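In the form predicted on its own, a lone chain appears below as structure tokens.
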Amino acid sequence: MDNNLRDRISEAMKGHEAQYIEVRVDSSESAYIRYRGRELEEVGRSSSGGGCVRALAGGGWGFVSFNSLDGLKDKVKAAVRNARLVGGEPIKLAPVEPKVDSVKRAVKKDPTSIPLETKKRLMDEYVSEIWSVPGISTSTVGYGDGKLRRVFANSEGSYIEQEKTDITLRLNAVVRKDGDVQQSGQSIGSPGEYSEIEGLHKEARGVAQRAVELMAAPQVKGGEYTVIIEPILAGVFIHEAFGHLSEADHVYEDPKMREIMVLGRKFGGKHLNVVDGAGVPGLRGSYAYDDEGVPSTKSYLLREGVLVGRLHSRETAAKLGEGVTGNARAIGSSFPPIVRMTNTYIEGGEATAEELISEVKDGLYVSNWYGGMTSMEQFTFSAGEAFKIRNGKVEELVRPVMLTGNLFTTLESLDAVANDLSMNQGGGCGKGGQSPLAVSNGSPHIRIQRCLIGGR
């Protein structure tokens, strides 16, 4: 623990007329490699440092970011002044026991210890694997890693040092023919273990092969289908469609949301349990303390289909009279913490995926994802792959489909959950201009009756 820095921050926070003050100091290093087609588009390493002060005074929040600790006391003074200029009704913060801690994350193969030329050589191999498949029109490969050391201190006596490492890899292949375009992609992520993105040559080649296969695949008719959703797409669904609705800042700022997201309301069957928690170890959204110094938790959002919780900062927890959950996060020192998800997933059930599929006479098996959007309870997601199901068997590949509908109707129609929970660690989450934030999401295979599918 850096006691000199601790003393310096502590001294800077003294003597101000503020209800609450916090200081964060970040230092980070990162590497990135990006290809478009066979051409190397970007490669490099960077390092940065900076910090911020957030103060609560006179009913408002004030925020100041900086890239040097020089004159820190004046920066705290400026944040307090900014807060008083905002003004407003008194703001309460849910109480949290002050913590003094130093948290280091150990990985077997730290990406920051790997030479950049070694990483580039591996990405060169993945690009070559993609282009070894005849018919590819273009491709993109993007790799990134980063290591962050964050110091948090507040006027209540907390002082916390945390380290966090993160890796992302995206492989994508595109096929064009007669004005038609098909693509296939795979996103992989890791909370810092470099070996998890090694040896993916087969996956890179598979992405290209699937793009070629999709060009020859038929398109299904639009309509309602019984759908089996595999864990990656089901995880994205529960993150985008339900997780964001569970972020308490959305709830207390929007009267309609308060009417919808009432604790105790039933949204699904007893087989449906949804969790979010940075306290679940070993995932990209895992940490010991959030960016308000609150210890991480594992929070049930739905338990046996009933809404039992939501995600909080200290401010939203106090406003709604609920407990803190450790979900206040900031993507960097230029931003204040806001309520964010961490590791969000549907818990496993008792049936096997094969049992779920065997009970479908005519339906679809959908997997992977391209993206999607939500507007209140309405959602639209694009599956990366889809297959017909006939008489309990997964059969031919069809063109990717779009799933759309009302979240709450869809959750009521979710009639079975398998026992094969798997976590998706690719991609990232965006909110309030802070993107991409490291998160994970997951699910077992799930079955939805009468799911609306877009098609020809």
Partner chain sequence: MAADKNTDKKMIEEVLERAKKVSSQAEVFHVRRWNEPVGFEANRLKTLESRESSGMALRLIKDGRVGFSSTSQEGGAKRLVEDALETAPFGPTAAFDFPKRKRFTRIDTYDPSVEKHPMESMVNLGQTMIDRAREHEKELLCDAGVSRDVSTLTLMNTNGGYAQYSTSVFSVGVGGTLIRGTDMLFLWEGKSACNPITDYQPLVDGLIQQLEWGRDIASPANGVVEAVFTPRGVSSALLSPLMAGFNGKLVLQGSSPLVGKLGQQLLDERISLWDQPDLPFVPGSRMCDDEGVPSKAMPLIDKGVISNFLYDLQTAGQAKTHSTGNAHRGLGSLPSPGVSVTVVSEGEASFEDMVSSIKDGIVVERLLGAGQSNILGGDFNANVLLGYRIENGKITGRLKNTVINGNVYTVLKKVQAVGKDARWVGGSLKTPSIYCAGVSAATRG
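Rigid core (definition): largest C-alpha set, two forms, superposition within 1.5 Å. Numbering follows the first chain given and starts at 1. Since this is a predicted model, take the numbers as computed values, not measurements.
In what follows, reference is made to the form predicted in complex with the partner chain, a form of this protein that is not presented.
A.B. asks: If we take heavy atoms and a 4.5 Å cut-off, which stretch out of 349 to 357, 113 to 121, 198 to 206, 280 to 288 is in contact with the partner chain in the predicted bound form?
C.D. replies: Answer to the contact question: 113 to 121.
A.B. asks: Does the partner chain, in the predicted bound form, lie within 4.5 angstroms of each residue among 257, 315 and 374, using heavy atoms as the measure?
C.D. replies: Yes, because 257, 315 and 374 each have a heavy atom that approaches the partner chain to within 4.5 Å in the predicted bound form.
A.B. asks: Considering only heavy atoms, tell me if residue 392 and the partner chain come within 4.5 Å of each other in the predicted bound form.
C.D. replies: No.
A.B. asks: Using a 4.5 angstroms cut-off on non-hydrogen atoms, would residue 44 count as touching the partner chain in the predicted bound form?
C.D. replies: Residue 44 belongs to the contact set for the partner chain.
A.B. asks: Considering only heavy atoms, tell me if residue 388 and the partner chain come within 4.5 Å of each other in the predicted bound form.
C.D. replies: No, residue 388 is distant from the partner.
A.B. asks: Residue 273 versus the partner chain, in the predicted bound form: is there a non-hydrogen atom within 4.5 Å?
C.D. replies: Flag for residue 273 set to no.
A.B. asks: Tell me, which of 216, 181, 106, 103 has a heavy atom within 4.5 angstroms of the partner chain in the predicted bound form?
C.D. replies: That would be 181.
A.B. asks: Report the residue, out of 162, 138, 186, 155, that has at least one non-hydrogen atom within 4.5 angstroms of the partner chain in the predicted bound form.
C.D. replies: By the 4.5 Å heavy-atom cutoff, the listed residue in contact is 138.
A.B. asks: Heavy atom within 4.5 Å of the partner chain in the predicted bound form: which residues of 269 to 289 meet that condition, in order?
C.D. replies: Heavy-atom contacts within 4.5 Å come from no residue here.
A.B. asks: For residue 148, is the CA shift between the shown form and the other one at least 2 Å following rigid-core superposition?
C.D. replies: For residue 148, whose C-alpha is compared between the shown form and the other one after core superposition, the shift is less than 2 Å.
A.B. asks: Kindly check if the Cα atom of residue 222 is displaced 2 angstroms or more between the shown form and the other one relative to the superposed rigid core.
C.D. replies: Passes the 2 Å threshold, so yes.
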